[in-house]
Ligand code: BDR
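Next up: a single chain in structure tokens, the form predicted on its own.
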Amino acid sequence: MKTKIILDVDTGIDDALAITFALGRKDAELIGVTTCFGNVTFETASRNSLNLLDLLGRSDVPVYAGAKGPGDESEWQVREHLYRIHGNNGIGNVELPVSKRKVEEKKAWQFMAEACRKYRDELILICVGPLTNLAKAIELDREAVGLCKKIVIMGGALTVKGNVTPYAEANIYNDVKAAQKVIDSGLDLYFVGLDVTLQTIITGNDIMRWKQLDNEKAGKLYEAASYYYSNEFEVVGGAMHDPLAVEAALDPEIITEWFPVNLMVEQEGVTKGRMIGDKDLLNEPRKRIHYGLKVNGERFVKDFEETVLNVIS
């Protein structure tokens, strides 16, 4: 039986790669994509997700729009450096064919909670953007969210520097209150942070294989990936943040060391967004967070490349 998954995304380029990878997994069924702010506005994330799914021939996968900003209380202003990383449209300025579909009427967090209650341990939630949607789903129906098989989060930086400040990783930093609410829920959480994603490096030669397929799907994905992985590097290549969360959700042994720990998120000051051990829970026998520290990066890159090739061939 295939594991059902929901991908919660802020669809820039690495999210697009994660969606593509998820669609190619023979052991998974992507039952929905939920979107929020982050790399782009939530409207752009929704549009990019719809366009990509349709391009890949998966217009059967619904998209649910979620939070427009931290706490869903204000519109998100995309930071200037994100335009350099993901392009003006979030897909490396690549023009995808425009989907005729619209997002579903139901909010992202409503879909999450209802799906958890319906599918229970057949479902995994994979969150690769700010944790606003997940926090709101827990607030709406914590019991239901607790019924799902697993919650996997791309976020955090424990043993390495952050990517938005020296202390913080972007997904956690972009809504620190939501991140803390998720941690405070008491649910078991699996964090795939920069500590392991920076050990998964795709190269220019890997990406070039997509271009050689010479079809629209492969060409568009190649253009987007080339923009993302060559934007600030002399040599084409870089880490695969969001796709690794998909792999870790479905094949947790790809992470060769999970660190059990109770964490908290610093809420303000220069260390805002830093995840650090919660001293009040230091002696708690139950560790509610499993944090990835080591990964079989070589195997993952190979699996990722072959899976994506099957989707875009």
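Every value quoted in this text rests on a predicted model; they were computed, and no experiment measured them. We number the residues from 1 along the sequence you see.
Same protein, other form: the form predicted in complex with ligand BDR, not shown, and the subject of what follows.
*Asks:* Hey, in the model of the complex, does residue 170 get a heavy atom within 4.5 angstroms of ligand BDR?
*Replies:* Flag for residue 170 set to yes.
*Asks:* Does the 4.5 Å heavy atom contact test between residue 136 and ligand BDR in the model of the complex come out positive?
*Replies:* Residue-level check for residue 136: no, no contact with ligand BDR.
*Asks:* So in the model of the complex, does residue 163 come within 4.5 Å of ligand BDR, heavy atom to heavy atom?
*Replies:* Residue 163 belongs to the contact set for ligand BDR.
*Asks:* Determine whether any heavy atom of residue 34 comes within 4.5 Å of a heavy atom of ligand BDR in the model of the complex, and answer yes or no.
*Replies:* No, no contact at 4.5 Å.
*Asks:* Consider the chain as shown here, without its partner, and state which of 154, 225, 112, 131 has a heavy atom within 4.5 Å of ligand BDR in the model of the complex.
*Replies:* By the 4.5 Å heavy-atom cutoff, the listed residue in contact is 154.
*Asks:* Residues in which of 92 to 100, 116 to 124, 239 to 247, 216 to 224 have heavy atoms within 4.5 Å of ligand BDR in the model of the complex?
*Replies:* Answer to the contact question: 239 to 247.
*Asks:* Check each residue of 1 to 29 against ligand BDR in the model of the complex and list those with a heavy atom within 4.5 Å, in sequence order.
*Replies:* 10, 14, 15, in sequence order.
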